[in-house]
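First, one chain by itself in structure tokens, the form predicted on its own.
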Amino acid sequence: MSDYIDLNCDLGEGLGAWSMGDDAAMLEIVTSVNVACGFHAGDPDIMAERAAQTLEKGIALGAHPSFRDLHGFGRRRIHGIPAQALKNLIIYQVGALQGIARSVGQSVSHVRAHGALGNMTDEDAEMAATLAQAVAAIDSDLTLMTMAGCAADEAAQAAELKVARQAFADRAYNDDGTLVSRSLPGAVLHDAQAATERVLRLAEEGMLETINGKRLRLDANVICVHGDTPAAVAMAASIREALEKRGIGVKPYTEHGPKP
């Protein structure tokens, strides 16, 4: 049984006058966030505001870099980017958030790749190594947030980075531990109660049920609720309340210490 859970959310995914999700409400619930850095969403004003808010509320701030894909919200797979160019793309985005965060007295504690970049670095060893090398080149004290046992997890360990292992409350899993493609039915969960029950099983038993009904063992102390879904706030609130009722602490992974 986990003695704590870090409740995590992707935030700052608006752009200019356009907003995505209810960031203000989520910031009252979650304990760590991954903030968009401008390539799939986000802009300097939003980044500065989220950095200041997380500092005020004691929430761990992470960078959420993606492919350069505003039109596709970073969810389109882009192949053929040379390793150095991909490394630069990641460094550019994380560095932007670091600079803005520093200007308001906050610091970036982790990196979690977004969308297709996240999926591809979770699956592909070469891309995962590039991601880990980019994070290490920026600051070897940064934590890489990723799914347990995936390519990015292994690459982070090889690069001697700290790792925060994450599971998703609102995404369906394949039997091999990968996420079900968003193009398939049932890939995204919208039922707050169902998501809460699966998170409790994961916290108490270390098990999660796949889309095919298989019991999958996952090593994760970070639970992510995507902020761009209609049920996000209700789901996050339900999960936090249920965890606390079971005596499971809800706090940033930074207070417990990421796993080596």
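The numbering used is simple: start at 1 and walk along the sequence shown. Being a predicted model, the structure only gives us computed values, none of them experimental.
The following text describes the form predicted in complex with another copy of the chain, which does not appear among the structures shown.
- Of the heavy atoms in Ile81, some are within 4.5 Å of another copy of the chain in the predicted bound form.
- Contact annotation for Phe73: at least one heavy atom lies within 4.5 Å of another copy of the chain in the predicted bound form.
- At the 4.5 Å threshold, heavy atoms of His40 reach another copy of the chain in the predicted bound form.
- Taking the partner from elsewhere, Met20 is found to have a heavy atom lying within 4.5 Å of another copy of the chain in the predicted bound form.
- Contact check for Ala203, Gly206 and Gly247: none of the three has a heavy atom within 4.5 Å of another copy of the chain in the predicted bound form.
- Partner contacts here mean any heavy atom within 4.5 Å of another copy of the chain in the predicted bound form, and among 133-141, 153-161, 183-191, 166-174 they occur only in 133-141.
- Of the residues Ala148, Ile100, Ala129, Leu179, just one reaches another copy of the chain in the predicted bound form with a heavy atom at 4.5 Å or closer; this is Ile100.
- Of the listed positions (Asp45, Glu28, Glu56, Asp219), a single one reaches within 4.5 angstroms of another copy of the chain by any non-hydrogen atom in the predicted bound form, namely Asp45.
- In the predicted bound form, another copy of the chain lies within 4.5 angstroms of at least one heavy atom of each of the following residues of 82-96: Gln84, Ala85, Asn88, Leu89, Ile91, Tyr92, Gly95, Ala96, in sequence order.
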